[in-house]
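Listed next as structure tokens is one chain, alone, in the form predicted alone.
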Amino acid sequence: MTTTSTPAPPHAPHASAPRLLGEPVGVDLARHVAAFGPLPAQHGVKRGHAGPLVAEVERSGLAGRGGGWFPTGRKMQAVVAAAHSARKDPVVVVNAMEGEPAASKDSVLVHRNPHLVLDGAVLAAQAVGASVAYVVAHRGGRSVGTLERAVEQRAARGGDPVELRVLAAPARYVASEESALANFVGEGIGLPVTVPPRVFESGVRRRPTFLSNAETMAHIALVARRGAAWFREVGDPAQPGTMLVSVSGAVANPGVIEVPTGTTMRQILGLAGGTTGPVSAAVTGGYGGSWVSASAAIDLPWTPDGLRPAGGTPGAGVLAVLPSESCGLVETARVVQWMAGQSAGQCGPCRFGLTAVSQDFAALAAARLKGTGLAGLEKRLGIIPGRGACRHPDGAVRFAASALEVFADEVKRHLSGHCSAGRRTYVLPVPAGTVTLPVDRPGEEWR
């Protein structure tokens, strides 16, 4: 495979001043107001009507930063229309779960500027006519405590126009899927439910639900303060603004970086101090995203349209770089096994299909799979998508299938019993723990 080396450039790539991370104020509400200004006043709207902020978000071109990159203003309009049709009050839910092991952007944002996220939740609720906004983070993570303290400060200073509630959800990957999150907020069980209807039509307790991730909510807070034209001043015209990227792997300074959309992978790596040596590939979007060849993607814009020619996606803002001496098949086998173990155990494609894919990939990584076994693996990867109760198996299969394509030369070596890797330490983060496949049926750990 072609390898690419990206040392830190002599001149750092041009980037606008950080918008979300530039002024870290923590839970101190007074410092937040001094840095960003007070919560913008909004007139209340009746059920089934949209406040002016909805149109402003549409004009801004803000797309959801949680993975799907769906136009945020259009989603808000859909919630308003569903509330009007169903004659039910809508609900707002902030997804601060961040179940992706290679992601840390939302937790960093919550730690540095929690009130920006909470402002966005309040403003979005007012705009769609909701009276309550839930902010949900993984149980046991530091985000829960930070959010609770921030809400306490707001209550001590008179509270908000809508009710804010912080919830701690099960620390499971699938529990952060949108139908699972709405189910947890409404019923206390973080398991996905069959769609349709979609969450914007029937989410929390069958009410239209505007559900978006923490970063998107923070952007809404800034659009409300500074307007759509200001938001569009930086970034790619088709998907404007800035975005947070969790950079890890073979880089000098791993961490979370804020960049304008459309920044190239080479520029992002330069802002992370450059690579630590030649690299062969990278994970884009997260473990529900895909591998890309470093040489194919290095100079592509970091947007959904920009990365598509290389088979990549910005997804949840993950960029994990693989050094050329590491084996991408071994890394993929570890991730696929973990993803299979994160199944909710509710349907066959996830419970048994991902188990079979994991076993095949483990054999391939160990150079014990033969040609007929590879054909079986490829067949499974072709029939699983679209058959699960949620999108979890689709993401895991996409990740596995992209590895077979990007590491095609290495696949041939492994089929002949060899591996070209000169490094045996792992690169991609996989949470520790014993994985028993197939997973058990869901129990109390999902409540």
Ligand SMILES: Cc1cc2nc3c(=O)[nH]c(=O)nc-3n(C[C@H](O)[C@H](O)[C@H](O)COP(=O)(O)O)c2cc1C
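Here the structure is a predicted model, which is why all the values come from computation and not from measurement. The first residue of the shown sequence is 1; numbering continues from there.
Below: the form predicted in complex with the named molecule, not depicted.
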is_contact(Y134, the named molecule) in the predicted complex, heavy atom dist at most 4.5 Å: no
Non-hydrogen atom contact G99 with the named molecule in the predicted complex at 4.5 angstroms: yes
G61 within 4.5 Å of the named molecule in the predicted complex, heavy atoms: no
S212 within 4.5 Å of the named molecule in the predicted complex, heavy atoms: yes
Contact segment among 321 to 329, 83 to 91, 237 to 245, 167 to 175, judged by heavy atoms lying within 4.5 Å of the named molecule in the predicted complex: 167 to 175
4.5 Å heavy atom contact with the named molecule in the predicted complex for all of R19, H219 and T263: no
Contacting member of H414, H32, R391, R398, with respect to the named molecule in the predicted complex [4.5 Å, heavy atom]: R391
Heavy atom within 4.5 Å of the named molecule in the predicted complex - qualifying residues of 355 to 371: none
